[in-house]
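One chain follows as structure tokens, the form predicted on its own.
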């Protein structure tokens, strides 16, 4: 969008335009048109960043670790201890899953902080928008979590134990236990989506009011602390749901 057009837009119109999920390009295959949105492109970028950092961090491992390797080992140890503390003797099997979810969400939530600030007629050359402002992204994460919960429950309690759990502790709990498997992923998706979208809208309002003073300060909370907090909350709740399913 040209700078002249943006100057004629109201603040609400700018916010609506900024939070919209847009199609970047379209793939034509097998007679189908597959629209690739900006959130899909950002997902690929976040994946590439994590893969590149993982490859670089583990390329030259030493018996006597340096600072970087020591920090990496400390994080891995923390994830394993966290998983074992909450999921107990099955925890180590879920450490990789939980650590991956946490790292992806942290990267996706924090990366918008690297967008240049605009103001006084200056428009940044690029804008990095929060990946989790798209309900489809948070719903996908919630779906992966609930599928992990279901598979884990069937694996460790058996098919019979899985179906018996719907009438525990009393048979009249059947409809509520069934609804729980719809409510939990919905709450996971909406909590992450609502908090990240709300924080992004607040940052857009702050940039509109005082573009060169407040954004860097307020961004320390909404771009860093809040992004980290939401990743921690999502990972912790996923851990609790898995633990409740198999213990």
Partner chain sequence: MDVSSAALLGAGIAVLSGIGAGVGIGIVSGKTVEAIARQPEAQGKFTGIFIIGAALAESTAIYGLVVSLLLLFR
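Numbering follows the first chain given and starts at 1. Note that the coordinates shown come from a computational prediction; the quantities given were computed from them, not determined experimentally.
We do not show the form predicted in complex with the partner chain, though everything after this point is about it.
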item: The partner chain in the model of the complex: contacting segment from 24-32, 38-46, 63-71, 186-194, heavy atom within 4.5 Å; value: 186-194
item: The partner chain contact in the model of the complex: residue 246, any heavy atom under 4.5 Å; value: no
item: In the model of the complex, residue 57 touching the partner chain (heavy atom, 4.5 Å); value: no
item: In the model of the complex, residue 206 touching the partner chain (heavy atom, 4.5 Å); value: no
item: Partner proximity in the model of the complex: residue 236 to the partner chain, non-hydrogen atom cutoff 4.5 Å; value: yes
item: Any residue of 14-45 that, in the model of the complex, places a heavy atom within 4.5 Å of the partner chain; value: 15, 16, 19
